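The data below hold one chain only, encoded as structure tokens and taken in the form predicted on its own.
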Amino acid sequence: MAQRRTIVRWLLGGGFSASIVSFLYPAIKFMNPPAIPEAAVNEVSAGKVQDLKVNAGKIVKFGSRPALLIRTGESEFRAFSAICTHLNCTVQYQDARREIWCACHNGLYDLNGKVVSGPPPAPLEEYAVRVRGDEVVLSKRA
């Protein structure tokens, strides 16, 4: 009789333990997803030259991150990471003030990507801009 009780306790305890593990395992896997390597992108087409007006900005995808392309003159372009160095918000170009602005905490950058005011601790990462025919191409700086 004592052996039957021991077997029943083991079965119930094992079933209870298996239930707890079956609930916890998916939750733990959800909170700690596997690392997925990002495809390395060194160069991206940002569109046609005629599509961007002088003193205008445009957000383009650079791999999985946004980039900000600004046309400062007839044949002059500047490009930066569109990720603010403060809290990773997306920045935008303000043509009236000729500045790059982060709406999260009113951070301002100049057209060289340097911090003018606000909480950003570092300048924006700058990308190289080349014009190939009628296409604007952004690439990482060496």
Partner chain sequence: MAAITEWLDERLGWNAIREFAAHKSVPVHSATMWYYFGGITLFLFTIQVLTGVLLLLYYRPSPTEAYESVQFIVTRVEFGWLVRSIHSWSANLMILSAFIHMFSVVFLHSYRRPRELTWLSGIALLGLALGFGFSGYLLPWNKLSYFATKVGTDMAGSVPLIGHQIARFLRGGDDVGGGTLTRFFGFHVAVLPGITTLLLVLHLVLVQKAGMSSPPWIKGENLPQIRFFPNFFLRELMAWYAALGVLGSLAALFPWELGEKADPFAPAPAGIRPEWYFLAPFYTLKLIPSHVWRIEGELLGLFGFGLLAVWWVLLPFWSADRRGTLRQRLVTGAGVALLAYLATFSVLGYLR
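Basically, rigid core = biggest C-alpha set you can superpose within 1.5 Å across the two forms. Residue numbers count along the first chain shown, from 1. Treat the numbers as computed from the prediction; the structure is a model and nothing was measured.
Just so it is clear, the following notes concern the form predicted together with its partner chain, a form of the same protein that is not shown.
The chain is drawn here without its partner chain; in the predicted bound form, the stretch among 114-122, 5-13, 129-137, 18-26 whose residues come within 4.5 Å of it by any heavy atom is 114-122. Residue contact check for S81: none of its heavy atoms lie within 4.5 Å of its partner chain in the predicted bound form. Taking the partner from elsewhere, P66 is found to have a heavy atom lying within 4.5 Å of its partner chain in the predicted bound form. In the predicted bound form, at least one heavy atom of L87 sits within 4.5 Å of a heavy atom of its partner chain.
When its partner chain is considered in the predicted bound form, V49 lies well away from it, no heavy atom lying within 4.5 Å. Taking its partner chain as it sits in the predicted bound form, the stretch 90-105 comes within 4.5 angstroms of it through a non-hydrogen atom at T90, V91, Q92, W101, A103, C104, H105. After superposing the rigid core, the C-alpha of K29 moves by 2 Å or more between this form and the one not shown.
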